[in-house]
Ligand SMILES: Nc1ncnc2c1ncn2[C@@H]1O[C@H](COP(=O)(O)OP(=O)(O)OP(=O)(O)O)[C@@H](O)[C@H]1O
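Okay, so here's just one chain, in structure tokens, the form predicted on its own.
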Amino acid sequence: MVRRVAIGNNKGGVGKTTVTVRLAEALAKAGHRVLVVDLDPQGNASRRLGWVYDKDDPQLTISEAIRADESGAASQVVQPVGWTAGYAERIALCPARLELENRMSEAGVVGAHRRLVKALEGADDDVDYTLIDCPPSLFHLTQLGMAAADVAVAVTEPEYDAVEAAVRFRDFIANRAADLSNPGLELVGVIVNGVQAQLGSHAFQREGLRETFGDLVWDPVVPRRSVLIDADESALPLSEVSGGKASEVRAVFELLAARFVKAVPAA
């Protein structure tokens, strides 16, 4: 049975989408089948996975699946990613475009927070993990992801504003999950991204993260490396990017994938 994971932070720019995409890659390399649901209207996860919108033959996106308010609607949206690496066959995508912003207007509609739950019914039965890339907010789109998820993972940089936003993400889950008809939702991990070992402030914030989140902080941390920027910019898997300590970064995400599977064992 699939395990659905909402990945988020209340602040933008912390590398949430980068971590989601690279975690999906590492899980697929390890043999797991993964569906990435892009819930951010920026559509960065979709683009970085090599998905390209075809204006002449428009593909359906997660926005249409949510709007449909029908059981299994996401099955019409699931598409292959654009990567050519062999393991990429184990990654599928529910893509997003800016039009997803329109779903925000449905926030006041009775039961609207359950529309992604309904859309995914039966649509992700054949994968091990569904990773839901939430936007940097706690409003309707993120709430759709939280309502559909079994567990949540926060991504943060070791900087004050990012850590505070991760705390807000955690507290919202603790205090509001029941309002989303998902009282069992819990935060099971915190991934620390963009670490620069030479910065004293980063070392200080990492200590604070341990005090705030305890054992929820996963090892290893993700270092700030140019290879991640290059891979994201080029919409390529890490296995096809060289230089910039590529092997180090690949190893980090392989270890994080193992930590992920330990925290969220496939059902």
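Quick caveat: nothing in here was measured; it's all calculated off a predicted structure. Note that residue numbering follows the sequence shown and begins at 1.
Here the subject shifts to the form predicted in complex with the named molecule, a form of this protein not shown in this document.
Only one listed stretch (198 to 206, 212 to 220, 25 to 33, 38 to 46) carries heavy atoms within 4.5 Å of the named molecule in the predicted complex, and that stretch is 38 to 46.
Although the partner is absent from this view, I66 stays clear of the named molecule in the predicted complex, with no non-hydrogen atom inside 4.5 angstroms.
Contact annotation for G194: at least one heavy atom lies within 4.5 Å of the named molecule in the predicted complex. Contact annotation for P136: at least one heavy atom lies within 4.5 Å of the named molecule in the predicted complex. G243 falls outside the set of residues with a heavy atom inside 4.5 Å of the named molecule in the predicted complex. With contact defined as any non-hydrogen atom lying within 4.5 angstroms of the named molecule in the predicted complex, the contacting residues in 217 to 237 are V222, P223, R224, R225, L228, I229, D232, given in sequence order.
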